[in-house]
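First, one chain by itself in structure tokens, the form predicted on its own.
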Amino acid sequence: MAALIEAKDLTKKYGAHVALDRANFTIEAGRIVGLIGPNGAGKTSALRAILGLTDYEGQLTVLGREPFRDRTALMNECCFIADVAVLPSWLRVDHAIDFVAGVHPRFRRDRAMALLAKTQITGRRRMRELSKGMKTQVHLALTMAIDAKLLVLDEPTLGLDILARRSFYDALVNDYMDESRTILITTHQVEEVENLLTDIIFIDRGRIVMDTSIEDVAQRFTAVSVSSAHLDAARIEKPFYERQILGKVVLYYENGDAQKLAQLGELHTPSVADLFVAKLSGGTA
């Protein structure tokens, strides 16, 4: 199966600063992918390249197109929700629906209305009258009403409270996602989305640190909580990271011998957030 997004040696420079440094990654159709990295890692530059908003070096195809050259055609099959509200404050909700219906050939007005009917937002309200969470709900309803193959989310719940964030992701998975669509998410709130993700891409200083599926994480990586009596023996097994917590040391292994590790302490699969820290930090925390 051809990849929905494929990047080979993707590079983006801003003067002397290298935002993307020969990044290689692939994203298959029907997946929910987390693009995860610290501030300044190159996440936004990668998204801008994928959306055709900036030029770049290397090779990049999105839905079979070169995004910077074929951006108009790409936007018929791709949607984007940014980390800030983009609808003008004076715009009424029903007029926003009218506008999108007039400019996007794949917009379904009935679907947008049905999604907004689940909220407390009425069509005559203006954007300036809405809370940040409500504005996000409007953006989500407008976007989810477009029959797109790819949805790109850049910190979509930034600044929302926990209830609004949960509502956002519930709507995303229950009302939008199916096996014909793909979602690419960047977020700092990894713990909130890791149960939704099928794949993760770790990026740091413009380079891809890891590109794998959640299923592969469970097979490849093991965290072991070790008491001081077994610490020396555990270190012989060559962990790539260790941290202290609650009086014990947790060591992280890639392709470790599960039988040996089970004799040294309590085993578990590391969370995406913990694996991210371990892979980017290295050594000891």
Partner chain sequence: MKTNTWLIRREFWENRAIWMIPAAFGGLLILAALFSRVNIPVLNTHVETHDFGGIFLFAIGTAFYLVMSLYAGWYLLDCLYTDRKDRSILFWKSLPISDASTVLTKLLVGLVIIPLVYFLAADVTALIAAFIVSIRARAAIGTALWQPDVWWQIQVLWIYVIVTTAIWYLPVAGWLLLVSAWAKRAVILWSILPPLALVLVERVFFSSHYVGEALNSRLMGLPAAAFRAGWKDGSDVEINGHVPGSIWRFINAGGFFTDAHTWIGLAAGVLLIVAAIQLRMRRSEI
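All values reported here derive from a predicted model rather than from experimental measurement. Residue numbers count along the first chain shown, from 1.
One more form of this protein should be noted, the form predicted in complex with its partner chain, which is absent from this view; the next part is about it.
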item: Interface segment, criterion being heavy atoms within 4.5 Å of its partner chain in the predicted bound form, picked from 138-146, 164-172, 190-198, 209-217; value: 138-146
item: One residue of Arg111, Arg125, His104, Arg181 in contact with its partner chain, assessed in the predicted bound form (non-hydrogen atom, 4.5 angstroms); value: His104
item: Candidate site Arg71, Ala82 and Leu91: all three near its partner chain in the predicted bound form by heavy atom within 4.5 Å; value: yes
item: Its partner chain contact at Arg48 in the predicted bound form, heavy atom, 4.5 Å; value: yes
item: Val86, heavy atom within 4.5 angstroms of its partner chain in the predicted bound form; value: yes
item: Proximity of Glu254 to its partner chain in the predicted bound form, heavy atoms at 4.5 Å; value: no
item: is_contact(Asn76, its partner chain) in the predicted bound form, heavy atom dist at most 4.5 Å; value: yes
